[in-house]
Every structure is written in structure tokens, then in C-alpha cells.
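Take a look at this one chain, the form predicted on its own, written out in C-alpha cells.
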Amino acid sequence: MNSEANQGHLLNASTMAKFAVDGFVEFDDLVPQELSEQVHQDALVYPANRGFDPNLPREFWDSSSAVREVFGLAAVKGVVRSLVGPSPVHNHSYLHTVPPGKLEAQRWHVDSALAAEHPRRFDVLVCFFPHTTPAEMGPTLVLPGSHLRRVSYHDVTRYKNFRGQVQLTGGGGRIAFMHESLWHCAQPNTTNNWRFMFKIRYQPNVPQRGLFDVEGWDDPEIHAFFNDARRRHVWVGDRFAAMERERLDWWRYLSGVS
């Protein structure tokens, strides 16, 4: 699948289909290297990078002009618009950290509660990695396809590993755009450096229909990609047929045709 935004910075149908099937898309070419490095430097001197303070959910956002510049980039805003539409609500944001030598993994969880309109209305979690994050540094672990399961917050904490889980490893400047119901968790950091990830949650102000570049939404390539989900999402098991029907119905809704 071609993970690209078009010249207008909206997601094309192929990339949006990947989001619908897997629950996330990643990009490594939206943010200039120098800007990513500045966000990393801001994180290193940020006074609150040793723990979460629920009373200061936007402190890093307010203190780092570089991170605000990242999310002001036309390419980044175009992906956000493709997923949640114009003028989304900045629900909250925070600089997530994994300290050096932290050997315990975070438990699986989702960032959403059960909703009657699931999956047609959803928030998007935008996760920005300002520095290179190898497997040994505690990258975010995600389970592709899990966003269509109806669970709430910490319902999945009893699980450990799944076939098909994916570590979001890679170079600095990567951004992952995740469905709020995608199962995810941070991993152990066996290095001597802090691992940083800045996350914003966006809420839509409009119905999430026809927001991306829908040209080719019904092409054979798209159908083939949806059909291949059974092979790639082996963890689903007997629940796959029901999830497949729901996903295809959601895809038509996202494309604005039903």
C-alpha cells in the first residue's frame, strides 16, 4: 500500500484504507530533521519529563515552540484533517517518557471508552517520535486491527503478547496517527537514554465522512488489501468475519457513499 498524502496534503484512498484496516498509519517524511532535533532538545530540558501531571496536560505544548511548529506543518495538518476534519478539538496532549533502564513494559490499554457510535465517530491519537527509537528503547507497541474490538480503557491489561503485534521503531521525526481504540502500550527501555513521544488527541467537529481524497476508494487494490487482513490479523480468530463486515461498512461510511 502507498502511504502518501497527495499534493493537497489529504490522505489518498490507499492510505486511508490502511488506517481503516490496521487502525493506524505512520509517516517518516513529514517533519524536517532539524525541527525534530529541536523538539528532542526541548524534551531533554523539559522540567516535567519525569512523570505525568494530570493537572498540566498541555504544559509541553505550551513550552515548546518547536512542537507547535511540527503540528502546524501543512502535511501534518492535512493528515489530521483527513481523519477528523477541519478545526478539530485539541483534547489533550502530553510528553510521554520511558526512563533509562525501565525494564517493565506498560500494560496493554486503549485510550477510549465504549461508545454507541463506534467506530463511525472516533478521536485520533497523533504520536510524534522526535528521535530515533530502536526496539531496545521502549517504542510504542500496537496491535493492528484491534481498534474494531469493543473494549474500554484497561479491559485488555491481562494480555501479554499477540501474533501480529508491531513495534513503532524507526528514525526521529516519525509520526503515527492512531484510532483512539487501537490497543497499545510502551515497551521496556534497556538503554541509558530517555525515550520521548509527544502525543496529541484530536476530537472531530464534523461527521467523519469523505474527509480524505476518496478517488479510487472502490478500486480492486483496495478490495485486495481488505481481503488480506485475515492473513495479517491472525490474532482475531473466529471473530474475523464479524469484524470484516463491520470494517467494510465503516469503509463505505468513511468514503461518504453510505
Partner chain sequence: MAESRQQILILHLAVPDMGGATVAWALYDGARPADEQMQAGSQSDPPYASVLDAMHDGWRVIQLPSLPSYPRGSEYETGPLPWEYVLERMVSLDSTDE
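Treat the numbers as computed from the prediction; the structure is a model and nothing was measured. Numbering follows the first chain given and starts at 1.
What comes next is about the form predicted together with the partner chain, which is not displayed.
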The partner chain in the predicted complex: contacting segment from 71-79, 174-182, 160-168, 126-134, heavy atom within 4.5 Å
160-168
Pick from His90, Arg120, His154, Arg150: which has a non-hydrogen atom within 4.5 Å of the partner chain in the predicted complex?
Arg150
Applying a 4.5 Å heavy atom distance criterion, does Val234 contact the partner chain in the predicted complex?
yes
Is Met243 close enough to the partner chain in the predicted complex to count, meaning some heavy atom within 4.5 Å?
yes
Whether Gln106 contacts the partner chain in the predicted complex should be assessed with a 4.5 Å heavy atom distance threshold; does it?
yes
Contact label in the predicted complex: Thr140 to the partner chain, heavy atom within 4.5 Å
no
